[in-house]
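One chain is shown next in structure tokens, namely the form predicted alone.
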């Protein structure tokens, strides 16, 4: 029986691929998409989520809009220079015929969690504002999360938006700290495993040739390719969120170690850094399963083969 899945997201190029990956995976049943501020403004992330679902013929999946800003301090800047001003790399997908769910994201998520007869996996691939609010407002519902897979942070590789911080955590460090020090069963998929996992041009060509959905996915990626080409020497593109979704869909894809994790919430140069205690494993109830190893070739093949199959579903 497929595992119920919620994606909390800020589309975003790699978020769009992650949503498509979930839709192509029979192991999970995507029950809800909740949106959050992050790569672009909330109104745009929400519209992008609706359009990506429509692209894949899944406008039946409800989309609920969440936090438009971080908990305490405003997010210093968006990531339009990476994802394009509208978030999908300059691609204008057709509008969805589906209406936005009238419930706030946290309410929609709480109601799904409390009504589900089986544990729900939540993949949080944007800033963690919605999940932190769920913990505060609906703690009983949050406790029913079967597994929380977070794309964010870094144990040993430093940051990608500052020298210390990864973008999703840096966008709302207070929310990330609340989530990563909670007792939720959490897997942290950070830069340690995403940066070595490159989607190469030949892989993109495979799903681009599979049909119109794959072709649109490849077109969305073009902005990412242009931005990351210099950094990778043209070797490929890092799709952070799709790797987190791979772990959500197929638990154990990544080698993880239980660690204590806190987040720097100061206003200095270290703001947003995930401080992972790598001296020892942890048995604390607040410990996080920190992804530290990855079979990059297998992970990329999983993504490419699933995206290539989208047009046959």
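Nothing here was measured: the structure is a model prediction, and the numbers come from that model. Residue numbers count along the first chain shown, from 1.
Not on display, but discussed next: the form predicted together with alpha-D-ribofuranose (RIB).
The stretch among 180-188, 208-216, 161-169, 102-110 whose residues place heavy atoms within 4.5 Å of alpha-D-ribofuranose (RIB) in the predicted bound form is 161-169. For the options 125, 88, 193, 175, the one in contact with alpha-D-ribofuranose (RIB) in the predicted bound form, meaning a heavy atom within 4.5 Å, is 125.
Here is the short version: of 274, 39, 46, 246, the single residue with a heavy atom within 4.5 Å of alpha-D-ribofuranose (RIB) in the predicted bound form is 39. A residue is said to contact a partner when one of its heavy atoms sits within 4.5 Å of a partner heavy atom; residue 224 meets this definition for alpha-D-ribofuranose (RIB) in the predicted bound form.
alpha-D-ribofuranose (RIB) is not shown here, and in the predicted bound form it never comes within 4.5 Å of any heavy atom of residue 131. Heavy atoms closer than or equal to 4.5 Å to alpha-D-ribofuranose (RIB) in the predicted bound form belong, across 1-27, to the residues 10, 14, 15, ordered by sequence position.
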